[in-house]
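Coming up is one lone chain in structure tokens, specifically the form predicted on its own.
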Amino acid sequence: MSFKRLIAPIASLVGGALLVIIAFLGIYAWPAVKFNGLGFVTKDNWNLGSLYGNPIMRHGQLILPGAAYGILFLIVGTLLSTLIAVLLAVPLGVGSAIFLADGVPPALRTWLSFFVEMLAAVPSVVFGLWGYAAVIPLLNHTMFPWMAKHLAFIPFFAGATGSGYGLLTSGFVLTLMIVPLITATMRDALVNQPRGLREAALALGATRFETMWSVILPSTRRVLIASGILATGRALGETMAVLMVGGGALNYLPQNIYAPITTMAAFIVSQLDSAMEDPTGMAVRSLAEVALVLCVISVIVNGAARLLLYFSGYERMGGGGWA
């Protein structure tokens, strides 16, 4: 009993830290929340105003002349790039995990797994530099023209391919960044499944693929969803890599999958220096509101994953197997 009393406060620090961060952002950004209103998330009009003008009073807040703050383009860019990354990374990550768990000898599995985990430890700025130097030229000169020509019947794939910076490039770079998280987590879960499950399925005449697909994978569904949440969280909050390959779109919604974008995390980094020039402080507080919106989106994504587990019957079953 004393051990539980000792551990409980320590375990609660994680949730408490999240609440403290959200509370701080809410308090600091409150003047911006009152000034911007609902238009903050429904309009594309981020403008710091005249940095050399005299501050004016509007809606009870002191701002620079012409200042306006709307981040719909940031929300769209963040969600679309994350969606592309997750859609590409989940099958690649699960497939790689199956290969490492069931397709290679144990000795080779150790070394291959080590390289996968090392890939997850590569700093994001390195991925960004790689995307700038290698991915952008490759996609711009080969893949994008081919897609625009042969997939033009899909509305979002038609139109000008741009310069290589943009939504799909960001999605590709984010994919490579989050695949190792999914692969490493799923590999451990697959390897640690009870050997009896595999032997029983094989004894009943199932092939190795049928055993993996129908028996082993369903028993790791909770791990798959958890790894997907971790990967989505990293994609949502990724900064430097997207800043280097996204194109830095401002007040612009992407018209196709090749269009330039900006995400909320990357925008905060790129605009912080300029925002600090605002003597009223409203620009920095609006950036804090951007961070608050990003936190809220992350919480919603995690909550949606929990609801997915519940309505699929997993929580009501107490875990294990498909409902």
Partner chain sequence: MGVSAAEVRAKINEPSVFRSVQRRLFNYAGWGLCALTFLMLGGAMVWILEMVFVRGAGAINWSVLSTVTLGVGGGLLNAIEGTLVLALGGLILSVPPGIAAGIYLSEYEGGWLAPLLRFMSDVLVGVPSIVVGYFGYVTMVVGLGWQFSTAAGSIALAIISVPYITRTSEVAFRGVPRTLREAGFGLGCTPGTVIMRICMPMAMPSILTGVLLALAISVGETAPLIYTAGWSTYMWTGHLTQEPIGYLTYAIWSFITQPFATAHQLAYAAALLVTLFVLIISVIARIVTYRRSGWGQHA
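Whichever C-alpha set is largest while still superposing within 1.5 Å between the two forms counts as the rigid core. Given the structure is predicted, the values throughout are model-derived calculations rather than measurements. Positions refer to the first chain, counted from 1.
There is another form of this protein, the form predicted in complex with its partner chain, and it is not shown here; the text below is about that form.
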* So which of 72, 148, 223, 100 reaches within 4.5 angstroms of its partner chain in the predicted complex, heavy atom to heavy atom? -> 100
* **The single option of 244, 85, 167, 231 touching its partner chain in the predicted complex, heavy atom within 4.5 Å** => 244
* Exercise: residue 205 in contact with its partner chain in the predicted complex, heavy atom 4.5 Å -> yes
* **in the predicted complex, residue 188 touching its partner chain (heavy atom, 4.5 Å)** => yes
* To do: Report yes if any heavy atom of residue 130 sits within 4.5 Å of a heavy atom of its partner chain in the predicted complex; otherwise report no.
  => yes
* Would you please decide whether residue 272 lies within 4.5 angstroms of its partner chain in the predicted complex, comparing each non-hydrogen atom pair? => yes
* Within 4.5 Å of its partner chain in the predicted complex, do we find a heavy atom from each of 57, 64 and 156? -> no
* Structure fact -> In sequence order, the residues of 13 to 38 that place a heavy atom within 4.5 Å of its partner chain in the predicted complex are 13, 14, 15, 17, 18, 19, 20, 21, 24, 25, 28
* Superposing on the rigid core, do we see a C-alpha displacement of 2 Å or more at residue 298 between this form and the one not shown? -> yes
* Align on the rigid core first; then say whether the Cα of residue 57 has moved by at least 2 Å between this form and the one not shown. => no
* To do: Please say whether the CA atoms of residue 11 and residue 189 come closer or move farther apart in the predicted complex, knowing the change relative to this form is 3 Å or more.
  => farther
